[in-house]
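In structure tokens, the next block holds one chain alone, the form predicted on its own.
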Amino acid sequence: MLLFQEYHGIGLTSYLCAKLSWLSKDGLIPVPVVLREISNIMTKLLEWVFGVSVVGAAWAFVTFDILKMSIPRTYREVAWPMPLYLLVTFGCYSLATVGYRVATFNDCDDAAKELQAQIIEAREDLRKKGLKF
């Protein structure tokens, strides 16, 4: 299988074409295979940028009726503030997740005792070497 390092100078699109050409000789590649291969090389940032771009494009198509699909005005009025609703929902989810994780944070009593013992041992070792606290 080809590695991305072998194609570092030719760009992501060429790399994908070369990688996918190994998967299918007749040019018909199932969509799950393409998505699996793309997700193997995408970073988390690229995944988020791609997702936001898809949602943003869908929002623009509905809100501004770019494709002239004769979308009813009520649908466009509902879609117009949708990014703000999504942003507020994401903020609430983030706040709830952080709050839950802080509330359920486990104390590690054994690890704290072990660390205190190591600190005492290190101080004794340093005292033997002449360092005063």
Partner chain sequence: MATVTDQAVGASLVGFSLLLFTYYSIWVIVLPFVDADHVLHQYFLPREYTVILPGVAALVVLLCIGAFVGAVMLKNRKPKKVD
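Bear in mind the structure is a predicted one, so any value in this text is a computation, not a measurement. Numbering follows the first chain given and starts at 1.
Quick note: we don't show the form predicted together with the partner chain, though the next part is all about it.
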Q. With the partner chain left out of view, which of A96, A58, V49, M69 would have a heavy atom within 4.5 Å of it in the predicted complex?
A. A96
Q) With a 4.5 Å heavy atom cut-off, would you call F105 a contact of the partner chain in the predicted complex? A) yes
Q.
Given that the partner chain is not shown alongside this chain, does T43 nevertheless sit within 4.5 Å of it in the predicted complex, heavy atom to heavy atom?
A. no
Q. Hey, in the predicted complex, is S53 touching the partner chain, heavy atoms inside 4.5 Å?
A. no
Q) Given that the partner is absent here, does V78 sit within 4.5 Å of the partner chain in the predicted complex, heavy atoms only? A) yes
Q: Just give me the residues of 61-89, first to last, that have a heavy atom within 4.5 Å of the partner chain in the predicted complex.
A: T74, Y75, E77, V78, W80, P81, M82, L84, Y85, V88, T89
